[in-house]
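The chain that follows stands alone, in the form predicted alone, written as structure tokens.
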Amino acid sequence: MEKKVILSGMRPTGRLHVGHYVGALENWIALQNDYRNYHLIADYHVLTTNLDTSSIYQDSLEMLIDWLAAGLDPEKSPMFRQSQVKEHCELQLIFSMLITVNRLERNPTLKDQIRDLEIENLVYGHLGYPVLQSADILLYKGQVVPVGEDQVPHIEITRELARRFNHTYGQVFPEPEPLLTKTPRLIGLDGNAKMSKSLGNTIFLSDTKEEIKLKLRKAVTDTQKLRKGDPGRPEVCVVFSYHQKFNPDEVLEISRDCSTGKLGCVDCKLKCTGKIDSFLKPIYEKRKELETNNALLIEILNDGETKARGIAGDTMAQVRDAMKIG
């Protein structure tokens, strides 16, 4: 049975944090043996919220290093930059003729971004970024898209565009299905709903043990637990949520000792530091090797981009043939 195709991507904003790992990267690694995976460095998507392109190339390399260090295999999962495959823009242009402005404005994720980023003047490219995302997926005939629940509306737009093209011109594209990630979003160190570099509440995959220790020292715990003997509420503690991910074997013990006041926050944070460091150490060491091997990184990108161009070119040939413009 032929493996189904997955297209996944991230915007290159530099080094990745454990929130990226838990929310997406860990899932990608698990899926790469069972699916044909393609991984997109979505550098054009950066432009929707930031026009400064001076660091995009270096940020792309930093993200690639984290992908590889975490366990993505370029032999199984070609990795490539969106900007180096011109067909992404060509298909986006065609798809943009198949969807209305009103439909794009109803996208709930866009509404959330406008609110969260306090955007007053929405640019055309930001309004239409789900169209580019649809082109990214369908260019490689993506059948499955691993996403969080907040991204499901984008996949529905992709499905609509696939149906609209197929109905108008002929069957070319599959209608991809969302594959919901099992792991919930990792809470930020400050108790914010998510980790974000802009909020400064992250633990990077590249952090040393000392850096993790300093960050966890400031992490939000139970505000009612003021000293070691006070009973705590693990369910409201950010550090306990990290134990649940990185220290599952001791979760019941930590919950009990925190609740009874036996375990203080300082010791709890030190224990969590050790567990996160042990989890990240193989990634950290692999990352150090890759940082000094720029030639290998460029080779991996060149190979991935060559493969991507071949597939994208074949898809666009089918699109032009269906449209009678080839």
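These numbers come from a predicted model, not from an experiment. Residue numbers run from 1 along the displayed sequence.
Below, we refer to the form predicted in complex with a small molecule, which is not included among the displayed structures.
*Asks:* If you check in the predicted bound form, is Leu139 within 4.5 Å of the small molecule, heavy atoms only?
*Replies:* Output for Leu139 is no: heavy atoms all beyond 4.5 Å of the small molecule.
*Asks:* Mark Gly23 yes when one of its heavy atoms lies within 4.5 Å of a heavy atom of the small molecule in the predicted bound form, and no otherwise.
*Replies:* Because no heavy atom of Gly23 falls inside 4.5 Å of the small molecule in the predicted bound form, the answer is no.
*Asks:* Is there a heavy atom of His45 no more than 4.5 Å from a heavy atom of the small molecule in the predicted bound form?
*Replies:* Heavy-atom contact with the small molecule at 4.5 Å: present for His45.
*Asks:* Can Arg11 be called a contact residue for the small molecule in the predicted bound form at 4.5 Å between heavy atoms?
*Replies:* Looking in the predicted bound form, residue contacts with the small molecule include Arg11, since a heavy atom lies within 4.5 Å.
*Asks:* Within 4.5 Å of the small molecule in the predicted bound form, heavy atoms considered, which of Leu186, Val145, Cys237, Ile203?
*Replies:* Flagged contact: Val145.
*Asks:* Looking at Tyr242, Tyr129, Phe173, Phe95 here, can you tell me which has any non-hydrogen atom within 4.5 angstroms of the small molecule in the predicted bound form?
*Replies:* Checking each option against the small molecule in the predicted bound form, the one that comes within 4.5 Å is Tyr129.
*Asks:* Honest question, do Leu40, Gln133 and Gln151 all end up within 4.5 Å of the small molecule in the predicted bound form by heavy atom distance?
*Replies:* Yes.
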